[in-house]
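As structure tokens, one chain now follows by itself in the form predicted on its own.
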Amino acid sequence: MKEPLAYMRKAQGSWEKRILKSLNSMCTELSIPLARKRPISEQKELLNKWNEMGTDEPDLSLFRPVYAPKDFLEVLMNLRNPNYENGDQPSSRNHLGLIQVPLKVKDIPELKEYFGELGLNTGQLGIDDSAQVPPELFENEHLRIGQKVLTEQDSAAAQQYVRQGCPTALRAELWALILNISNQPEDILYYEQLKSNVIQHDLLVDSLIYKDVKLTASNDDYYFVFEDYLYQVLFCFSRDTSVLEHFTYSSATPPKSYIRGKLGMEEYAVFYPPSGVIPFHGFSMYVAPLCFLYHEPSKLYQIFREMYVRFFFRLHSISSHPSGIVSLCLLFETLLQTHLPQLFYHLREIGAQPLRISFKWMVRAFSGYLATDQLLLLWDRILGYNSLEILAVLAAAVFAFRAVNLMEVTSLAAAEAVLADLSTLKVMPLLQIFLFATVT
């Protein structure tokens, strides 16, 4: 089922119309087609500089991202269930956050049970001073088990294993095992076909991707070195029609465009871009961390594609799924309102609704906000639990960690300043303290 709730389907539909309208108006303003075949000379040039596309400096000043996370948040804030008139939604406690739809989200006892392996008595990678076991002992034993899991090529065992974190040396292989990516000759051939499609055709979304990488990853201390990988992966992704398959279980529908001169004639409608996914501001940050693990383009590509169709698409579509962004926002606000009520009310009173700050973290799955080693430990757990709910828990844990400072601030700008730099945070201790060491 794509999406059981009619009002969610309707909201997603009108959001898609807005995105497409934005894209089409950019085409009209700039007099640029959505797609064009490249002249042979241009094809040759692109092929020659395929591994150094970042050296190009086309003038993209007129291009703008189709949307940014904050535009999307405005849409989510206006979601309402029409069955409850005048906002009298049945709720045991009045929800004072920005998200006003009644979805079921887990409370702390349920989260404790769900994320049981993150408990204080279980060995974890990402915790330096576990009281029960000297860290070296745990790490050596964990490494040995990880090697065994890889030898046996057991995907389910790998998924269970990474809940306690991946040893750096095994992470790339374990993730590939969980995602069932083996990089066979036919996979490499498929990637080469996508590449030749990029060489032959120029799409308007290429300029959006190019600009996004320049605005985000290129300015990031961790990721700027991967700039060329990002273009290769994202250009190929936009041409990949196999990505369309995820729309069978996504609340979203791929956008359609018409072959020139055939507007409105269904038999001339094509999905645009061929993948059905229009990139937004920050999209390239879904790929950037994976570049640390995979250096072979076709394998990097497949891992990203699988991560996208399993997880990341949920972060920018409107749905009632527990890992969907609406549920994550509601989970985040509920955790704060329930467990840090004073902080929640204080921030709300000064016009600094917490979700306005944390939304961008969750939409990007914290990529570009945490130090890379910490981000990979977080993504280990996303794969291990096959769920994005941990993003909301971490976002709440960050607020809890900085609560003393946040109680002092008197404006949204000041609150944002307190939370501007997350690069020194350690993911696992924050999650453990918030879930298991707080009195509930």
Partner chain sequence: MAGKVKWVTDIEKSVLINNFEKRGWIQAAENEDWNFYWMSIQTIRNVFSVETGYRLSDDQIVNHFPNHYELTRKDLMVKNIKRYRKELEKEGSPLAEKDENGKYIYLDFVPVTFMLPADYNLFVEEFRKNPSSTWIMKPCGKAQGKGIFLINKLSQIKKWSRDSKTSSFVSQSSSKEAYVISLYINNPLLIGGKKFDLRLYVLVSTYRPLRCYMYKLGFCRFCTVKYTPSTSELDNMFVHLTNVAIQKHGPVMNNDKHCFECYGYDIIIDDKLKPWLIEVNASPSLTSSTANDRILKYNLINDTLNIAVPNGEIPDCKWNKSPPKEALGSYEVLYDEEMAQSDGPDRDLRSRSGQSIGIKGNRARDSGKPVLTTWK
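Residue numbers count along the first chain shown, from 1. Here the structure is a predicted model, which means the values were calculated and not measured.
Beyond what is shown, the protein has a form predicted in complex with its partner chain; the following relates to that form.
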Within 4.5 Å of its partner chain in the predicted complex: all of 168, 221 and 226, by heavy atom?
yes
Taking heavy atoms and a 4.5 Å cut-off, does residue 175 contact its partner chain in the predicted complex?
no
Test of understanding: in the predicted complex, would residue 43 fall inside 4.5 Å of its partner chain by heavy atoms?
no
Taking heavy atoms only, is residue 52 within 4.5 angstroms of its partner chain in the predicted complex?
yes
In the predicted complex, residue 292 touching its partner chain (heavy atom, 4.5 Å)
yes
With a 4.5 Å heavy atom cut-off to its partner chain in the predicted complex, the contacting stretch among 60-68, 403-411, 390-398, 44-52 is 44-52
